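Here we start with a single chain on its own, the form predicted alone, put down as structure tokens.
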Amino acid sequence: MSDRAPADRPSPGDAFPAGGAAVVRERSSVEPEIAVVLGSGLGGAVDDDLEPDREFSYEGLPGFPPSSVPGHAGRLVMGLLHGVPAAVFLGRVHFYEGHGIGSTTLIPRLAAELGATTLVLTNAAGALDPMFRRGQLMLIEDHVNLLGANPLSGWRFRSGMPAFVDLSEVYDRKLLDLAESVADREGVEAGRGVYVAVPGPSFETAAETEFLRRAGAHAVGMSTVPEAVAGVALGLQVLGISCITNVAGAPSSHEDVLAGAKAAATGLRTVLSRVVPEIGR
């Protein structure tokens, strides 16, 4: 985690995180150590392991648009996840929903404002590398941003300087090693790889899939990167986990993605059940 004081962290200059935190704290006394974002169809990975204190619809949080994507409940649950105080975001805001790149950073900004120090990002992704199959996990070791926009655009430090943030190590190596060792120990099929974010919402053509593969990516999706970049800028430790739900370049639908997410949720739940308590320590 960054050693910068909160006052030294960049911001786009709005009051959304402070306003959201005020709404949450008015109804919940949970002080989260960890924030978890559950992607398309992955809410079931915590259903039996989350002890809720209070729930909040995204529409009731300042700056948050309503969720418009099937498989994204659009709710923040404050409570205990595997015994650890947590902010669990069921669904996210995507760039393709049309709210602007800034909206994709609302979750990590609120998480940081609430006091979380670790951000766990999960997503549904299409396999680019044939070594990954539907239902497997890919632990994100790096990413490529092909969204066509930087999530820190317009952010500034208090001095007025733009957010020149070091991204040489976005995904925390200790957390990555921990997740990998847990998967190995528990028999969960998982590998490391590079995630590439594309704008969406259409799926990739065969030619685009080959281009992304040759660019060095192992899985492709339409999210996560803006949250990870913003998380690093805000001093959070970031762990990213992709659930392989389909094969990029082959015929796909959102229904296929949701079905694939259901297949991968068991492995994700197992990894989270061991990783989250370790983070809490």
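Residue positions are given as counts along the sequence shown, with the first one as 1. For clarity, every value in this text was computed on a predicted model and none was experimentally measured.
Below: the form predicted in complex with a small molecule, not depicted.
Asks: Counting only non-hydrogen atoms, choose the one of 44 to 52, 213 to 221, 58 to 66, 231 to 239 that falls within 4.5 Å of the small molecule in the predicted bound form.
Replies: Stretch 213 to 221 is the one.
Asks: By the heavy atom within 4.5 Å rule, which residue out of Ala265, Val257, Val271, Val24 makes contact with the small molecule in the predicted bound form?
Replies: Looking at Ala265, Val257, Val271, Val24 one by one, just Val257 meets the 4.5 Å heavy-atom criterion.
Asks: Could you tell me which one of Phe203, Trp155, Phe95, Phe132 places a heavy atom within 4.5 Å of the small molecule in the predicted bound form?
Replies: Among Phe203, Trp155, Phe95, Phe132, a heavy atom within 4.5 Å of the small molecule in the predicted bound form occurs only for Phe203.
Asks: Even though the small molecule is not shown here, does Ala190 get within 4.5 Å of it in the predicted bound form, heavy atoms only?
Replies: Answer no; every heavy atom of Ala190 is more than 4.5 Å from the small molecule in the predicted bound form.
Asks: Does Asn246 make contact with the small molecule in the predicted bound form, using a 4.5 Å heavy atom cut-off?
Replies: Although the small molecule is absent here, Asn246 would touch it in the predicted bound form, with heavy atoms inside 4.5 Å.
Asks: Is there any non-hydrogen atom of Pro108 lying within 4.5 Å of the small molecule in the predicted bound form?
Replies: Output for Pro108 is no: heavy atoms all beyond 4.5 Å of the small molecule.
Asks: Determine whether any heavy atom of Leu137 comes within 4.5 Å of a heavy atom of the small molecule in the predicted bound form, and answer yes or no.
Replies: No - in the predicted bound form, heavy atoms of Leu137 and the small molecule never come within 4.5 Å of each other.
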